[in-house]
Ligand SMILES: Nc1ncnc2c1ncn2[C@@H]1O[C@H](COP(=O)(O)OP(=O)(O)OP(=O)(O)O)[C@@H](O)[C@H]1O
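Next up: a single chain in structure tokens, the form predicted alone.
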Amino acid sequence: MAHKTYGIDFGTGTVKVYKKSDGIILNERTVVATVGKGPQQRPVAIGDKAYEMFEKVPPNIKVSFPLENGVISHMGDMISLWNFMLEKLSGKRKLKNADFYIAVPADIREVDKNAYSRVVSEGESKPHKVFLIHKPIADALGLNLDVENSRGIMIVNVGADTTEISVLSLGGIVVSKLLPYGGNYFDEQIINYIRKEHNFVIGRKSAEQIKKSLVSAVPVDEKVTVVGRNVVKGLPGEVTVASSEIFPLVQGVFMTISAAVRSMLERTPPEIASEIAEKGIYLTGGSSWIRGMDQLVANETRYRINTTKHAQRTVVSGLGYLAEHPKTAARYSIPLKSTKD
């Protein structure tokens, strides 16, 4: 019996779903809005609609981001999010006996990897089989790289909450490191700085606007104006922020990422490192668009940096490749281990 097959990239910022033969069919924010507490808690909005409500809701509605630093922090909300996705995928009909390939960071605990499987298994889908795939493998496949035969691939995936740096060789992961820095970290730094230095309170969406306009891994000379609330007057107003103010806030993170890339190269066997030097480093992830990041990493490592216009979709595209090629997928599926002592 043929089974429907899906690839799922549960990203901190967005959830992306690939359906075999149809391509990427879903891309929604990883956000859940709920009312009530305990057993009475229920979702009122999920995905993009929940994100639109963020920072605008009354006290009885809670908007949460159920993924933090590459792991699931709110299982109930994640299952609600997944059930919402299922409804979008199959309508009123229950999606049963489907196979799912789920991308997980390589450098997290087994219990956290298995939690991703629980989301699908405990949801309303009643899956046939659930397979876990390490994100660096899916990333490389999504970049159309020859994972099985290449002797050296380095991928730096800069996401919303984390940066995952991985070295692959002959179909396996040689070394991998997950850093707790991504696009959301910049938002938090911007919010704290503007409150302290300008006596202004701004929301996360305004901080994201500043990030997109001003955050750069190399110095730039630009300004942006956003709305907020004056702490002293207690009234709404506008504040203008210059890139020269933002650069010192984020420079340290960029240097930390670059130093981690150098450290990974130093831990990589010379024969593998030589092939990485020949092919260059691949930069992916939803936050890899930040200006100057490729230039900074290139300057710090002296390696060529390869970028892609589809950096946010490489992981789900790689899962899609595995969904279309189950024999290849069988070689990369992670066996689920028991978390009991």
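Everything quoted here is computed from the prediction, not taken from an experiment. In this text, residue numbers run from 1 along the sequence as written.
Not pictured, yet referred to below: the form predicted together with the named molecule.
Not displayed here, the named molecule is kept clear of V63 by more than 4.5 Å at the level of heavy atoms in the model of the complex. Though the partner is left out of this view, T162 does reach within 4.5 Å of the named molecule in the model of the complex, counting heavy atoms only. Under a 4.5 angstroms non-hydrogen atom cutoff, the named molecule in the model of the complex lacks S169 among its neighbouring residues. Taking the partner from the other structure, the named molecule in the model of the complex has no heavy atom within 4.5 Å of any heavy atom of R195.
Stretch-level contact analysis of 177 to 185, 145 to 153, 245 to 253, 107 to 115 against the named molecule in the model of the complex, using heavy atoms and a 4.5 Å limit, identifies 177 to 185. Using a 4.5 Å cut-off on any heavy atom, the residues of 208 to 231 that reach the named molecule in the model of the complex are, in sequence order, E208, K211, K212.
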